[in-house]
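Here we start with a single chain on its own, the form predicted alone, put down as structure tokens.
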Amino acid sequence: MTSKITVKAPSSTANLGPGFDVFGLAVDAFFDEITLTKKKNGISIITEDDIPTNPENNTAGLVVKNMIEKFKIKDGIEIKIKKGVPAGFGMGSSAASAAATVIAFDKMYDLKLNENTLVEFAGYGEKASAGSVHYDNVAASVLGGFVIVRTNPLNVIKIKAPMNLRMCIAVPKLEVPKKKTKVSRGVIPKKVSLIDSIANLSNAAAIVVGFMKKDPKLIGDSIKDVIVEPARQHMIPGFAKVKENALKAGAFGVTISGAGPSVIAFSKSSADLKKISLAMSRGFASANTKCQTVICKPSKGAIVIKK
């Protein structure tokens, strides 16, 4: 048992094109850091970031509240949050905080929870930002690597990502609506044609094989989504140009990262990644939008950095 613990958890990209709400990949572009400290009573949140400090409206706060109730913990807990993952940009910001919190709580009370249970508790935190529980980002952030989420019952399958897989992420400097995930989920079609469903299913299956065979080209070539991306792309100024430019510059595949507005290009370590990033920046510039680009690789999950 420890009275203070710090855990960091990585950003993540969800969907990977056709794997909507099913696929997630942990990426080392950004990290959130959470420190839990035992105290007499109550849950309090300390942060210098612009995030809710009421535990009911905060991802980490919801996770702690839930776990304290579930495991009948008598202590109070102070949660210190240091945000590194930009909130609202499709990089799993709330998920990173939730993942770090779950791992910290598990280690602090020596609960030895299994992977599915850890992911389940982290999922509760998503209610604070997304309005609903979904597991693709949190599963990736908790466990690391590439994850496939099956629900009812929750069963997360983790596959190690190829060592030479690389991603270029373009994060546009846009005003993001407060409940952005809810908004971007609202534009998704309620009904899908069989032909579109088959197209996405075949690509999703090929992505899984790409991860199993450690083949970045097969992964990238299969990142094609004919259902969600077309419905959401109007929310990202210059998306078509960003995608076209990245593919011309040598990316294997390009899609919206999670609910956006970040755009992610998949490639491999031997490619000219700076060229791809620059091409994506130019794509956003064509729509008078500035962006930050990050070159990253798959990441391990949440890890304890201080006890």
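Just so you know, these numbers come straight off a predicted model, no measurement behind them. Numbers follow the displayed sequence, beginning with 1.
Unshown form predicted together with a small molecule; subsequent notes refer to it.
The stretch among 135 to 143, 169 to 177, 209 to 217, 97 to 105 whose residues place heavy atoms within 4.5 Å of the small molecule in the predicted complex is 135 to 143. For the three residues Ala14, Phe20 and Arg232, a heavy atom within 4.5 Å of the small molecule turns up in the predicted complex in every case. For the options Val27, Ala259, Val63, Ala246, the residue carrying a heavy atom within 4.5 angstroms of the small molecule in the predicted complex is Ala259.
Remark: Arg185 counts among the residues lining the small molecule in the predicted complex, judged by a heavy atom distance of 4.5 Å or less.
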